[in-house]
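Encoded as structure tokens, the following chain is the form predicted on its own, with no partner shown.
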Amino acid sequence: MTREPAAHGPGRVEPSRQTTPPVGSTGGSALVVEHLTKRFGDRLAFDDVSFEVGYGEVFGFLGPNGAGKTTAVRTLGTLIAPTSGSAQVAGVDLCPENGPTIRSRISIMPESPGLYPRLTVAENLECFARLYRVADRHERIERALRAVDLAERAGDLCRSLSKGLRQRVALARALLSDPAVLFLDEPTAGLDPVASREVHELIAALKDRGVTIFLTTHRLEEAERLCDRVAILNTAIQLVGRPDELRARLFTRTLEIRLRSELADPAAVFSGLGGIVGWATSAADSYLLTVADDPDRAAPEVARALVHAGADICSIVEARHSLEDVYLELIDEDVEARKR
């Protein structure tokens, strides 16, 4: 299905010859970024960045403050021009002449909601719907309010809303144009845990509908919960992949064993066990065993060896590294990150 771009500026934009799969499509790439670089004079914002994002995917863009995340969003959103490299956004080549067409196919929700506090929720959305020149704006406004569960608050002044509710209004605004790609820049920054959870639930609901979401965040638990894949950026891309893939690439798999009391001779118990390539003491009564392949296959043999040695087992579990562990491992290795 070809999306007809909305009008921008004084005249209407001619329909693009390129096509964009509809919301919910699982084929093709919503974003294709190749060797993209942005400099501001002598300052490097991001360098040689390459990745792809599929339609219907939630893609996390992680990195410390100053890593170039927001600048990358502004670049892909046609707000600033790249210094070098190329990209396709929602099926359209990133270049100045295609800016209006790209902007008609995407939405960007910045960290600051940017709402008019003296207008009601509905009036804010009406204002932006007119700016976007949405043809069926009343239907779009009602649909957006339902999507963020704010239909009953349409008449409330925005200044009377909590920050969490204002973020939901901003998300409704971003949905007005039915975007092919939705850029969310730090959507939970400054929110309390309850408000953050509500935003997470809204993002998860959009994901279930097949909306393509590009999420920048430095909240790693947020990315782990919401994202299909993540890229870790620190001026340059460090790694791209699913969180479990990144853990597997950076960390060996280990079994964490906790006993009621310390083993008299742990070497005699663990040495020679099939699938175990090493072990270490993590505490007086706890041990970490490095597994060659599959912890689930190694655990029963370890348990039998411990029982044979007369040990009282409290637990045997695979040690789980979080996305935060991956992030800190990469950033710790990066000299530029330590300088920030």
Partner chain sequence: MKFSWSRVIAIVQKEFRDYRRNRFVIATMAATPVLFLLLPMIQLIAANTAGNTAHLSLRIGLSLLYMLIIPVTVPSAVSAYSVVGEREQGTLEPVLTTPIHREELLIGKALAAFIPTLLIAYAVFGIFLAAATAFAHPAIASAITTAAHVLVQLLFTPLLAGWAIWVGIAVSARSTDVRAAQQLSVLASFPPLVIVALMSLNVIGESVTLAIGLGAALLAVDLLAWRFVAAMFDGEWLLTGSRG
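Residue numbers count along the first chain shown, from 1. Worth saying up front: this structure is predicted, and the values here are computed from it rather than measured. Each form is matched to the other, and the largest set of C-alpha atoms that superpose within 1.5 Å is called the rigid core.
Omitted here: the form predicted together with the partner chain. The next part is about that form.
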Original post:
Considering the partner chain in the predicted complex, which of Ala135, Ala264, Ala81, Ala268 comes within 4.5 Å of it through any heavy atom?
Top reply: Ala81
Subject >> Position in contact with the partner chain when the complex is considered in the predicted complex, options Gly91, Pro243, Pro179, Pro113, heavy atoms within 4.5 Å >> reply: Pro113
Original post:
Using 4.5 Å between non-hydrogen atoms, is Gln167 touching the partner chain in the predicted complex?
Top reply: no
Original post:
Would Ser104 count as a contact of the partner chain in the predicted complex, using a 4.5 angstroms cut-off between non-hydrogen atoms?
Top reply: yes
Subject >> 4.5 Å heavy atom contact, Arg39 and the partner chain in the predicted complex >> reply: yes
**OP:** Although the partner chain is absent from this view, report whether Arg118 comes within 4.5 Å of it in the predicted complex, heavy atoms only.
**Re:** yes
Original post:
With the partner absent here, would Pro100, Ile108 and Phe128 each sit within 4.5 Å of the partner chain in the predicted complex, counting heavy atoms only?
Top reply: yes
**OP:** Report the stretch among 210-218, 118-126, 190-198, 146-154 that approaches the partner chain in the predicted complex to within 4.5 Å, counting heavy atoms only.
**Re:** 118-126
Subject >> Large Cα shift (2 Å or above) at Leu131 between the shown form and the other one, core-fitted >> reply: yes
